[in-house]
Every structure is written in C-alpha cells, then in structure tokens.
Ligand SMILES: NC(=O)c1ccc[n+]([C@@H]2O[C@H](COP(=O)([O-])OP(=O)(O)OC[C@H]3O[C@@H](n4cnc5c(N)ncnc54)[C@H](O)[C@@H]3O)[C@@H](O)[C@H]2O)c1
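Presented as structure tokens, the chain that follows is alone, the form predicted on its own.
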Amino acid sequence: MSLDLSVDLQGQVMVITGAGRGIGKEIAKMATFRGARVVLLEINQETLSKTVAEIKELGGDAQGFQIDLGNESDIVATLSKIESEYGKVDILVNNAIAVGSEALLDTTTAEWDLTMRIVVTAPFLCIRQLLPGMIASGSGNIINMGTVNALAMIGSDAYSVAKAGIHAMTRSVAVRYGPDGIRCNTVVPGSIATETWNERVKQNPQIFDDLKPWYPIGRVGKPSDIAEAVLYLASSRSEFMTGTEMIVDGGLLAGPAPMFKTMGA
C-alpha cells in the first residue's frame, strides 16, 4: 500500500464513462496526477477531445473514445479494443448518466427507456465485458456512481429508480465475484454543481444557494469532492472495502436540517 499519492495509481488502467465533463472529467484529471493511465468514454466528441487534450497538456496519460453507451455493440467493440490495446483494465468507473423529466407523470416511455439504458444497463454491459479479464488476472476494481436519490425521495423519479438498481448491482458484483479478486463499491453524491444542473440553473439561478440550508456543511458539492472519494476507492488504501456505499453528501442524509432549525433545538 502506497502512502505517496503522486504514485497511488501508478500504471493502473482506469476506464471512466461520461468523462468529457463534470465529475467524470475531474476523476480523469486527478487520476492521471496519481499515475493512472486513463481512458475516457464519452458520447460528445467535442468535450471528449477537449478534455483529453487538457489532460495531455498537463502531462497526463489519457486516451478518449467516442461511444454511445445506449448501444450494446458499441460498448462491446470499444471495450474489446481498449483491452486489446492496454492488455488489462484495472479500474472501471461507471459515471455516465441520463436525466429526463423530474416527475413520474411527466416522464415519457422514451425518457424512461433512455434513462434505464444509460444509468443501469450500460454499467451492467461494461461490467460484464470487463469482468472476465479482471477475473483472469485475479484483480479488478469497479466503482459505480450512485446518488442520494436512491436512498431518499429527492426527485428525478426515473433517474432515482435506475440509480437504485446501480446500488443493488454493486452489492451483487461484490459478493458474487469477491472470491475472484474483484472489488465493487458505490460512491453516493449529494447535489454536485456540474453541467447536469444547467437547465435547473436557467429556471432558478439561485438554486445552489436555495439548497444550502439542506446541507449541514453549508454548500453543495464540487466535482473534486466526488473525485477524491472515487480515487480513494480506486487505490490500495481501500483494499478492505467492497460492496459498500460511500456517501459524500455534505450531511444531507444525516437529517433534515431545515426541520432541525425550525424546531429551534
């Protein structure tokens, strides 16, 4: 186990989905600073190219692949190519999301299907594709991005349902394949200020300030807050952790802060 963070992930091959912006981008950047060889998967070629170039300019080892995570054959072909080129994938971070309408009654079947395909089916396909290679080598580390929405009714109904499936899949993989050297954990973010919030911000520019009272720590999260948790789980420092949910939510789920303050306790 290394205590030198600059080589914490030295030589490790890390595949990150939805890595062109937001949390995925931050994970990729920070992982390269710690010695990882990062492979970014992203549907948007413009953001993908920009992020890969930025990482390389900083001296990081990065390669990007444009991919439609809603397409099984695209996933299989891309991950097969990555395994062939790199030899083995050490770490898989399932980060990509799709979010449609907030309320169940406003959600179309098409929105529901897309959310399920990207949020829960794509991670399943990525895990299924990479597991044999991990098992053959006797080690592998899978990190799934969950959400507080899967643990409490906070909104974005279809997204919340899909993410609950991710939480369950983490436990299944950890227990079933632990004897093969596979670790699998879920990172559980609270509200994180990323581009995903753009539409909400347009409707309410003060939304992050409005959310502050719900967070005992006094703010919503930053992508780096989540990236740090992911990198901890990716490293040997967390080698006895598997099947768990690492909640990184600024205290949101600890209790309803506005109620506490209203009661004057």
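Quick note: we count residues from 1 along the sequence shown, nothing fancier. This is a predicted model, so every value here is computed, not measured.
Form predicted in complex with this ligand: not shown, discussed below.
Subject >> 129, 232 and 239 all contacting this ligand in the model of the complex, non-hydrogen atom within 4.5 Å >> reply: Judged in the model of the complex, none of 129, 232 and 239 sits within 4.5 Å of this ligand.
**OP:** Would you please decide whether residue 185 lies within 4.5 angstroms of this ligand in the model of the complex, comparing each non-hydrogen atom pair?
**Re:** Output for residue 185 is no: heavy atoms all beyond 4.5 Å of this ligand.
Subject >> residue 145, heavy atom within 4.5 angstroms of this ligand in the model of the complex >> reply: Yes - in the model of the complex, heavy atoms of residue 145 and this ligand come within 4.5 Å of each other.
Original post:
Are any of the heavy atoms in residue 23 no more than 4.5 Å from a heavy atom of this ligand in the model of the complex?
Top reply: Judged by the heavy-atom cut-off of 4.5 Å, residue 23 is in contact with this ligand in the model of the complex.
Original post:
Is residue 69 close enough to touch this ligand in the model of the complex, meaning at least one heavy atom pair within 4.5 Å?
Top reply: Yes, residue 69 lies within 4.5 Å of this ligand in the model of the complex.
Original post:
Among 174 to 182, 82 to 90, 133 to 141, 155 to 163, which stretch sits within 4.5 Å of this ligand in the model of the complex, heavy atoms only?
Top reply: After filtering at 4.5 Å, what remains is 155 to 163.
Original post:
Which pick from 151, 169, 118, 125 sits with a heavy atom within 4.5 Å of this ligand in the model of the complex?
Top reply: By the 4.5 Å heavy-atom cutoff, the listed residue in contact is 118.
Original post:
in the model of the complex, which of the listed residues (196, 63, 224, 49) lies with a heavy atom within 4.5 Å of this ligand?
Top reply: Contact check passes for 196.
Original post:
Across 210 to 226, which residues bring a heavy atom to within 4.5 Å of this ligand in the model of the complex?
Top reply: Counting only heavy atoms within 4.5 Å of this ligand in the model of the complex, no residue of 210 to 226 makes contact.
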